[in-house]
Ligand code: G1P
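Below sits a lone chain in structure tokens, taken as the form predicted on its own.
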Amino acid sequence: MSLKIKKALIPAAGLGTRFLPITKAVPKPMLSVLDKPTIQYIAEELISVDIEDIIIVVSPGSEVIGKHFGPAEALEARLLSDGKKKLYDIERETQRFNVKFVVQKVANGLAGAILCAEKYIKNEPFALLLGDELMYASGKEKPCMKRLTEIYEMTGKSVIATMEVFGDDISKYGNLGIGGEKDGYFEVTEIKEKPSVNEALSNYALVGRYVLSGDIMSKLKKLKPRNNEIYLTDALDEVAKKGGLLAAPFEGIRYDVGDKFGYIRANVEFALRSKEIGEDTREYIKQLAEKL
């Protein structure tokens, strides 16, 4: 049986309360970094691994996300009639993916969001990309999802992205117990959900990019809720203790766009890389720095 990853799941049903009042009317995944919503950047990470079948889990009232990835016939006709082929091509890029939407009606956590998509995932392996994180890789760096899918297809084991964190940041993330290392990835022996510094297993944190085997669904369905949530880390901990979980550091930069400062940082750094406004942004920052 082929281990090729063909589907991806993006849980994007959070209410975005940290960004109120804008998220009262605009779903959090539609907040933009420059001129693209964050959900589009996340979908575009899948281009490097040739995945076009995406399931997005949304909250009720998020129809605008479907509109973004769907056709816009009147707009396309107007752009073509006005000779704006470049803008037409930009708009058409939003339709390159085969996107299905599932509504998470009960706010029962990440694992609950994954279970909402069971009818589409079934028992197949899938990529999982959390909606609050953007991963940027330069042309010289291997994209995070490409790294994870290569490891999964080589080993047949579920694999998660990881990074090192220190001090108080340890308690903000799922924490990994690390075993043997091979070819730049680690065996995961155990996972703890947001431990204190004294309880931490290592400095390695769980990052929001995963490639998971299809049998994770059966494990999630057996879990008992804690604090009204089902925790993916509980299922991953079970997999790790049976020797079936790997972790890989990633190349590039991770942006936490669910955090206000992380969101601003992403906008500034993506602006600096922009061919259109990068130089103007750089000069503006230099002038601003002189006033600080």
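For every residue, the number given is its place in the sequence shown, counted from 1. A quick note: this is a predicted structure, and the numbers were derived from the prediction, not measured.
Just so it is clear, the following notes concern the form predicted together with this ligand, a form of the same protein that is not shown.
- In the predicted complex, this ligand lies farther than 4.5 Å from every heavy atom of residue 32.
- Not displayed here, this ligand is kept clear of residue 112 by more than 4.5 Å at the level of heavy atoms in the predicted complex.
- Using a 4.5 angstroms limit between non-hydrogen atoms, residue 254 touches this ligand in the predicted complex.
- Contact between residue 208 and this ligand in the predicted complex is found at the 4.5 Å heavy atom cutoff.
- With this ligand omitted here, the record of contacts in the predicted complex names 130 to 138 of 81 to 89, 212 to 220, 149 to 157, 130 to 138, defined by a heavy atom within 4.5 Å.
- 193 is the sole member of 76, 190, 193, 118 with a non-hydrogen atom within 4.5 Å of this ligand in the predicted complex.
- The single contact residue among 48, 40, 233, 267, judged by any heavy atom lying within 4.5 Å of this ligand in the predicted complex, is 233.
- Contacts between 172 to 186 and this ligand, taken as any heavy atom within 4.5 Å in the predicted complex, involve 173, 174.
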